[in-house]
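Both blocks below hold the same protein chain, though in two forms, and each is given as structure tokens: structure 1 and structure 2.
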Structure 1
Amino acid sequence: MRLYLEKRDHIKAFSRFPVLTIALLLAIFMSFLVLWSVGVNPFEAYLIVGEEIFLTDYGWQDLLVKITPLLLTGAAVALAAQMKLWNIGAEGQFHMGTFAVTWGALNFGHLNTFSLIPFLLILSIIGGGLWGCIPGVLKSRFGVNEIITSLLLNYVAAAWVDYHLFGDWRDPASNNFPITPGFSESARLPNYFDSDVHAGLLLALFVILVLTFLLKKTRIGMKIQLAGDNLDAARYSGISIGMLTLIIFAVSGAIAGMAGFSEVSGVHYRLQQNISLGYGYTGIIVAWLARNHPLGILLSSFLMAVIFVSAEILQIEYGLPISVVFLYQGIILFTVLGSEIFVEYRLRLQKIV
């Protein structure tokens, strides 16, 4: 007897759901074991986490605030993935977005909000976009692997932000602690419903809508899809792959940069360390789980946001150290990632004669 995987004959549009449900149940079961092993009643813990997140007004706020950057970084990674390119650099592009926005907000804070906010948005697009262009150019011009260059540029971007944060941008009023002065009112994104939910969420949804439209309905979208399906075929049909690669990376970087804008102008109102809690890297997971589908991005950023937000709930309610929370997140990710295959394949038992 041996186990093997067999490709499903046809994948129905909704065949992902049962698989994902089973995966999530398995994830929940595994995390039950983790919680139980550290002396926490897992049923109660899930009830409390669920109640805190879904049945309170602040839970929804927290969730929507956390979803916002993930939607954008997820979309950034997913766009590149349409052409089978991996943008591991969303983290760095996010940082460069925050850098550009902070530069604008600190130097042009006196402008009124109607001119400043669009200006900051453009700055973040330029900051993230240019940073995305580096792996794009290297890939299209010289064939340098984009996974690696974009990853390495994350470290550079983080050091670049630190350089300013620990240098000339330090707020003298903050005892020289490494944080910039707060942004002026005009540089802040509006909040809605008297809550923390800010305009960045609309921006993120808008970006995803536009991307979907571009990919499905426009010529350049078709070209990208074609190149993603079959590079050689696309090349023979006269599509400039190099140009397309560069464009994809620039746009992908710009979207990640916008995530930086949304966080720094919508949540923190200043630049400081750890503004990105790994949103760029989480974006990779978001995009992968979503299989680059727009609706999927909504769902998977929702899932990731729940995991983010549940961290403090478990800490506060149960006094769990943060390491348990990491462990729990790792297990959930492993389970969900590992289950993906069963969407396309089914497990079969075969008798070996």
Structure 2
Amino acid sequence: MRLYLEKRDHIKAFSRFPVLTIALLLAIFMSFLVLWSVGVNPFEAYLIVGEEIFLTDYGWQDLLVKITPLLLTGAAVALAAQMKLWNIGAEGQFHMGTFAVTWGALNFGHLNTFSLIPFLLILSIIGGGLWGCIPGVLKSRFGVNEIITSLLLNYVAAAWVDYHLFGDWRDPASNNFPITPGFSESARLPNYFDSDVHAGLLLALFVILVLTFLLKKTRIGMKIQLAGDNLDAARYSGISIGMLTLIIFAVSGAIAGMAGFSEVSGVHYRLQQNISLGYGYTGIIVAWLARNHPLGILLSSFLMAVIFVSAEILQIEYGLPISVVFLYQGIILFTVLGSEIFVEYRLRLQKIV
């Protein structure tokens, strides 16, 4: 007797749900083992985490703050994936968004809020969008693999931001710490309900709704999905694949740039080194868990935000390092990717004669 994988002829619409549920339960079990291996009682730890996140005002505030950039970076990756393009550069586009916003805030901080906030938002769109255009041009014009170019540009963007943080933008009063001077009040996003939750959350939800409408109800959305389903059919129908590729990368980068805007103007009020907690890379997991559906990003972003906040609580309660976040993300990505094979294939038992 031997086991083998058989390709499914038809994949039911809801067949992924039970597989994904099992994958997430497996991820939770593996995280239990990780906590046990470092001497932490997982049952006690998860009880503390659950109480801190869902039963305290601070927990909900932190959750909504963390979910904001994840919604945007997840949407950025998902949009490109609709056309089977892999934008691995949301992290770099996030950084270029923060760079553009910081330039605007430091040079035009004297403007009033009603003028400056829209101006900074536009700058973040331009910064992230132009950075996204680079792999877009290389892909559409020269056929260069977008995974490699977008990934490598992440390091370039981070180095570019560091260059300014250690140079002309460094705050003289920071004791040589790589941070800029604080933004003026007019460059800061408003907060709601006397909490840390800021207007960037509304911006992220608006972007999700716009993307949903764009993909489902517009001609360009139909072109994107046609190109993603069948590239040859899209070409035969007269769609310019090169131009559409460039547009997708530009818009995807612009959305990731807006995530940078929400973080630097809504949370930190200045640019600092390592301002991203890996939001751009986590956006890849968010998009994958959501099957690249804009509305599904709401749920997957919530899940990843819970992981971010949980790791912070574990740091405070047990002294665990921030690498726990990346370990959890890796476990989830591994289990979810591995579970895909059981969606496409079924296990069969064959008798060996």
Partner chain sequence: MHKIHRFFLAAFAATFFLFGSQASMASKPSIGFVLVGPHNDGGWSMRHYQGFKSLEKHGYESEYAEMVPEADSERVFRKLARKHDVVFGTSFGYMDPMVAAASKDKSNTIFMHGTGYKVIDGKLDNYNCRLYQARYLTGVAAGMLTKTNKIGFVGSHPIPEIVSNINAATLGAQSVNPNIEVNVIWINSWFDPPKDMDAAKTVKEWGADVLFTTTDSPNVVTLAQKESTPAKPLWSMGNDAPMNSFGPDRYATGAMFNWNLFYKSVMDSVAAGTWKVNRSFWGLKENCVGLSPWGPNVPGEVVNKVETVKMNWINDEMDDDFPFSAGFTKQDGTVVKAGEVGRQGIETMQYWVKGVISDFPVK
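Note that the structure is predicted; figures quoted are calculated from it, not measured. Numbers follow structure 1, counted from its first residue as 1. We call the rigid core whatever largest set of C-alpha positions still superposes within 1.5 Å between the two forms.
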- Looking at the two shown chains, say which is the form predicted in complex with the partner chain. 1
- Query: Superposing on the rigid core, does the Cα of I285 end up 2 Å or more away between structure 1 and structure 2?
  - Reply: no
- Rigid core superposed: I307 CA moves 2 Å or more between structure 1 and structure 2: no
- Here the CA of L333, compared between structure 1 and structure 2 on the core, is shifted in angstrom by 4.1
